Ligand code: KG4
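A lone chain, given as structure tokens: the form predicted alone.
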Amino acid sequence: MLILNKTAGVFSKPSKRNMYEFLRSFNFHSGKLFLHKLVLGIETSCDDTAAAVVDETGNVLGEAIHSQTEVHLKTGGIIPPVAQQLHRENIQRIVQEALSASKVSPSELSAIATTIKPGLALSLGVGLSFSLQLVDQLKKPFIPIHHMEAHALTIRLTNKVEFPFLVLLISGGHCLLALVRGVSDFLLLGKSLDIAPGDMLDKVARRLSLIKHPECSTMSGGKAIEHLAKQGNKLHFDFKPPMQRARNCDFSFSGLHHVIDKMIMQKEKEEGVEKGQILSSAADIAAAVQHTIACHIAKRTHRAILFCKQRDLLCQSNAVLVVSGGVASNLYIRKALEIVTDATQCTLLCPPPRLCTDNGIMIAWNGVERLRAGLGILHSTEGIRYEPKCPLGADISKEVGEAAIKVPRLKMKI
């Protein structure tokens, strides 16, 4: 029986008949002899419905994704019940497309891996419900996946990266720094105390009405800010990076967002522009906002590197900083982080942009990593829960704060 968290609400499971018909549609057997284990990954933690089949050597055999971006742009943000309904409408098709592209029959899978934490409760429920029906019909092992763990380990699919390494995960829903010591062994150094950087960029883009800008109308908020910032002068506005006196690795964006919101209101009055119209200074605001966020993220990351080296948690030379999550595709923020890694003799690595955002490949790969390590493989799914909120690893952020490491000033010439 499926047991849910109290915070999770109720979701409807696909009928056994529907799942039976779904599996019957795969009336082929590949005829191949697969020498490696195969994992199907399913991702529905937010607003992307994604699936992929990956083998244990890292070969991506098939993938499919349905993005809800266009719908949420029209509504001004993600509305959880809308996201849930779109997941329900698309999950079977997406899994079918991924399996068909892989030429792998469901019966040939070694395991099914699915995001169950953290994320939007209604979205997580759709993926878990579908996966449990699939697991039940196929009698395959189930591997529950922590969404942030999957982002952190994606780099090991694309690059030869050994443990330990430092990871910065920055997205629309998350912002954290962690030391990765193993497949499921994380030390949390710092996290956002309020909103995530991607969320803030989206909010600023909406406040600036960038969806009405001819060059930005089809872009997400973060992409619109990055695009417009190239045309602006970051020096025209002086926003102070948050938490400058706090010698830890935590982040904060809500205070900065409030300051920016007030400044936009002031500029609207000065220019005689009504809310909802585009300011003449929009590009300068975008440039200044992006620069301030980049400086804040860079300084906290710099302190994390110094802390890890001071405690011999990372190699003194050739240490690796991995940056992943949707905001990691922002090239300006990447350049700020390159300045930090150059100054600390570290190597900066980022997955390809398509693997920075939510996808089924990273979930399948995390399943492969866990399968190889023999970690968290379930042969019974009774009592499995989805968890909308779930920390990553052991939290040592208090210890980082107590170390009170002073970070040398770096010139952010980007």
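All residue numbers refer to positions in the sequence shown, first residue = 1. Because the structure is predicted, anything quoted here is derived from the model rather than measured.
What comes next is about the form predicted in complex with the ligand, which does not appear here.
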Legend entry - Option from 187-195, 322-330, 273-281, 301-309 whose residues, in the predicted complex, bring a heavy atom within 4.5 Å of the ligand: 322-330
Legend entry - 4.5 Å heavy atom contact, residue 356 to the ligand in the predicted complex: yes
Inset, instruction - Would you please decide whether residue 226 lies within 4.5 angstroms of the ligand in the predicted complex, comparing each non-hydrogen atom pair? - result: yes
Legend entry - Proximity of residue 250 to the ligand in the predicted complex, heavy atoms at 4.5 Å: no
Inset, instruction - Please check if residue 126 has a heavy atom lying within 4.5 Å of any heavy atom of the ligand in the predicted complex. - result: no
Inset, instruction - Tell me, out of 174, 156, 88, 234, which residue has a non-hydrogen atom within 4.5 angstroms of the ligand in the predicted complex. - result: 174
Inset, instruction - Identify which of 201, 208, 143, 95 has a heavy atom within 4.5 Å of the ligand in the predicted complex; exactly one of them does. - result: 201
Inset, instruction - May I ask you to list the residues of 209-233 that have any heavy atom within 4.5 angstroms of the ligand in the predicted complex, in sequence order? - result: 220, 221, 222, 223, 226
